[in-house]
Structures are given as structure tokens and as C-alpha cells.
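The chain below stands alone and is given as C-alpha cells, in the form predicted alone.
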């Protein structure tokens, strides 16, 4: 049944509803530029009517909900693309840094430094007796060594920087997870009484957006409003519980950080910024370090091999005991027709006797040298053909040809001991100084483990520029630059590394880097466009339009004024009823 003050109640409800609607409108306006804010909208509904003799009569208006204008599907799409953006953005950043390290093309890059080194050897081939040119060879070689060393250091520093960043983002993930847990608790507690905790949900969604860029996540919300966040199938956040992740040194990966759960299980990361970091650190950077090491190894071993085939300008005696001239040469062998050898060659390597069995027919000095190398096997010595004669060389062992005088001794057949008076030696020690040496003797040549032999740096005459043996004395080879020319021509040697020249290999790898960098940059641009489109779509739904809010403000203001005017009218009616009745007849 309708009461006397029924109209005032309707007006009061109208005032309260329109005032709340204005409050929400004001809240939208002042948060128009707040990151992560979702536009809110008041849902108005007519209140339950009452039944009268004349039918149902409305009882006014009520607010049933304050909605967040948000599309969960667009959020899912955005976070899916956001993780891809994080992945490609970091890879692009890493590849750009590698391009800076390689610094190609430039006058200070490795290619330019190598070109100057080869040019110095070519100059030496023309003036092999010049100490100044020999010094230039050392200086340009030192520049190559320092370039290798410096690039290796830069790659290692880049890898360490990425590893440090991984640890920073591990802490960031744990921090975001803790904030989501706290918001879960506040949202569940706040919504237990009915209304939605819209602003708290906005904060939580913003954290999820940030987390989705760092690592691939899956989000599930339960009926109470709490969410679970999983990484690789395991829960990072589950209601009010956080399962933190940790960084542990991986002994199998140079003590770099391995991302694990509390129980030691490795975190499975499929995408996102963190995946880009792991790939950059363990694949991209390591791949270029390995290629640089391969270049340094091929470069040093190839040059040392050629260097060992030449002759320097120092006599054997009275000088550094580790660096002998290394003349294990007899007379030239006449290969105008096939030469058959059947016997034993007795060597003394660092004082240990080694017998090499020779049995075969040979058509050239190269064929014989290859055969002897095969027979030597793991012995630290190598055989070369020098102008048709056989030469034994080792970079760290003394080799002596032992003449036993027995019938099967073929030392004389190879030209040794045939005529010692004509310039050969009764006891021949062979130890050629390597041009490049390793700084760590327990490891092979690498970009970090290469240096110029200090003996050669101290005495440039140890550079083996000559290709002919110094029969008759050192003076006879002072104008001989044949070996220096052979070394200079290594620039064009297609057998240096992976069936190509060192220069072509380096060009190929830098070109591949450029292609990868362009691909990563293109993917960043593409993902940026996709994210921009999704962000625009999200803004159309959740963003605050000031024009729309101003319209709503005027609309709710007029409704509020009308409700106030309605209350005034009802008040006037009640005044007539209360003060006007009973006066008739007084």
C-alpha cells in the first residue's frame, strides 16, 4: 500500500543514484590518464514495484552494479602478443650490441686489421732483410691478436650482462607475484560483501600485463575473484600462495644462472623477455664466440704451419735454445722417375728414439711427405716438402736424424748424412719458433688464447721469411722472401676454414648477423603494430573518453536536478496536506 511519504522516498532514491553516477563519472574523468585504469559504468535499474488496487507502482531507481568496461578476450590476445614482443625486443637489442662489437664494416674491425696483417707479410716478401718491415709484421700481428682478445672480452661481458639481467628479472617476477597475491586477498575480502573491487582488479590486470611481457603466463580466475598464474604448467601464484623462482649457478654452463623452482626443478620458459634473454645468452652470443674461436684457431694454426716451413735469419748455435733454425734437409730427391724406399728412418724426438718404417714407391716429394706424416701419427713432429727435400719440424720438440749405419737405414736415401761437408749436418736439431702461441698451454687456440711468440717479438729476425734453406750460410737467404709471400697468400687460401678463406668466412658470418638483426627488428616492428592495434581496441572498450564522460556528467546532473525538483513538488503537496487540512470551518 502506498504511504503518504512514498513520493519523497522515490525522490531520495533518485538523488542517491544520480549522485553516485556523478561520483563514478568524476572518478573516470580524473583517471583518464592513469595507466591500466578501466572505465567504470553505473548500472541503474528500476526498484521493485509495489502492488496497489490500481496495479503495480514503481518505487524508484537503484544501482545494481558498477561495471568495469573490460573485454577479457582482448586481454588474452594482448598478453599473448606482449610476450612475443618481449622475446623479439630483447633479441633485437642483443643483435644490435653484437653488431657494435663486430664493428663491420669499419677501419677498426677485424677484417681491416687482418688485411693490414696480410699486407705486411706481402711487404716483407719484397724486402725480407728489412728490420722495419719485420717489425711492422709483428705490430700488425699484435693488432690482430688484440682485436681477437678484445672481441672475446666484449662477448663475455655481454653474456655476463645478460646473466645479470636475468637475475634482475627473476626478482621482478617474484615481486609482481607477491603483489598479485596481496591483491587476490584484498579482492576476495572486498567482494565477499557483493560489490566488485574494480580499482583493485585494475591494479592486478596491470601487473598481469607487465608480467606477460617478461614471461609466458596462463591466468585462471576462480568464482571468488582470486586468480592463479602459471608458468610452464606450474603455479607461480595460487590464491594467497606464491611459489617463488630462483637463480642458481649452473656448473654445466660456465656457472651462469639457471632458473629453478624451490624444489630445484628448472622453470620451463617458452616465450617472453626471459626466453629472449636465455636464447641470447646461451645461443646467440655463445654461437658468435664459438665462431670467433674457430677463426682464431684456423688463423693461428694455418699461419704457424706455413711459418714452420720457412727459414729465419739466425744461426742455430749461441741463441735461444727453444728456437733452432730447424734444418733437417738432405739433398733434393730426384723424382723424375718413381722412387722406391724400403727401410727404417730413426728419429730422436726430445731424446726419445722413434723409428719410422718406410715402404713404398713415391712420385713426388709431397707424396712422400704425406706418407711420412701418416707414419708419424701422434708423434709431435710434422714433415714438409721444401724445394724437393724432406724437412722435419716441431714447434716444441727437438728432432734429431740418427744415422745408424745399418743396411735398412734410409737416412742417406732421403739425403741426410750423404755429404756432410757440403752444408748438411751430422746432428740436426729442428725446432722452428711458432709465430702464434697460446697463453694457456692447457687449451687450444681461441680468441682469448692467442698471442705472438715473445721470442719473435724480442728478435724479429726469427720470422721465417725465406723459403730456401740457408746452405752456405745465413747471408745466402737474406733476399729470400718466398715464405713470407706464401704466408701473405693465405689470405686467399680456400682451405683455411670450412672450405673457404678466413675473409669470406667472416664476411659470411657478419652477413648472417645482419640478416638476423633485420629479422629481429622487423619482428619488433610487426609486434609493435599488432600490440598497437590491440591496445587501440582495448582503449575503445576500457579507455576513458572525456567527451563521453562530459555528456554523462550533464545527463546525470540534469537527472539529479530533476529528482531534487520532484522532491520539492512532493514537499509542497505534503505541506498542503499537513498544513491545509482541518482549516475549513474554523
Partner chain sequence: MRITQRVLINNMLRNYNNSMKKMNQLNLQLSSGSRINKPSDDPAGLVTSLRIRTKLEQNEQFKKNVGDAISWVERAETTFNALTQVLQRVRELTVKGANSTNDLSALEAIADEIGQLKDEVGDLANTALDDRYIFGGTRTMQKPYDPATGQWAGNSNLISFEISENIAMSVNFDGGVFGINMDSNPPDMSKSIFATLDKIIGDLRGENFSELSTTDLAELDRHINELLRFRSQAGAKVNRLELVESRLVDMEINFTELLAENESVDMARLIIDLKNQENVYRASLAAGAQIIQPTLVDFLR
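Residue numbers count along the first chain shown, from 1. Keep in mind it's a predicted model, so treat the numbers as computed, not measured.
Quick note: we don't show the form predicted together with the partner chain, though the next part is all about it.
Would residue 60 show up as a contact with the partner chain in the predicted bound form if we use heavy atoms at 4.5 Å?
So residue 60 does not count as contacting the partner chain.
Using a 4.5 angstroms cut-off on non-hydrogen atoms, would residue 161 count as touching the partner chain in the predicted bound form?
Looking in the predicted bound form, residue contacts with the partner chain do not include residue 161, since no heavy atom lies within 4.5 Å.
In the predicted bound form, is there a heavy atom of the partner chain that lies within 4.5 Å of any heavy atom of residue 189, even though the partner is absent here?
Because no heavy atom of residue 189 falls inside 4.5 Å of the partner chain in the predicted bound form, the answer is no.
Taking heavy atoms and a 4.5 Å cut-off, does residue 126 contact the partner chain in the predicted bound form?
Residue 126 belongs to the contact set for the partner chain.
So which of 83 to 91, 353 to 361, 164 to 172, 117 to 125 is the stretch with heavy atoms within 4.5 Å of the partner chain in the predicted bound form?
This holds for exactly one stretch, 117 to 125.
Just one of 64, 532, 561, 52 has a heavy atom within 4.5 Å of the partner chain in the predicted bound form. Which one?
Flagged contact: 532.
Going by heavy atoms, what in 88 to 110 lies within 4.5 angstroms of the partner chain in the predicted bound form?
Residues within 4.5 Å: 99, 104, 105, 106, 107.
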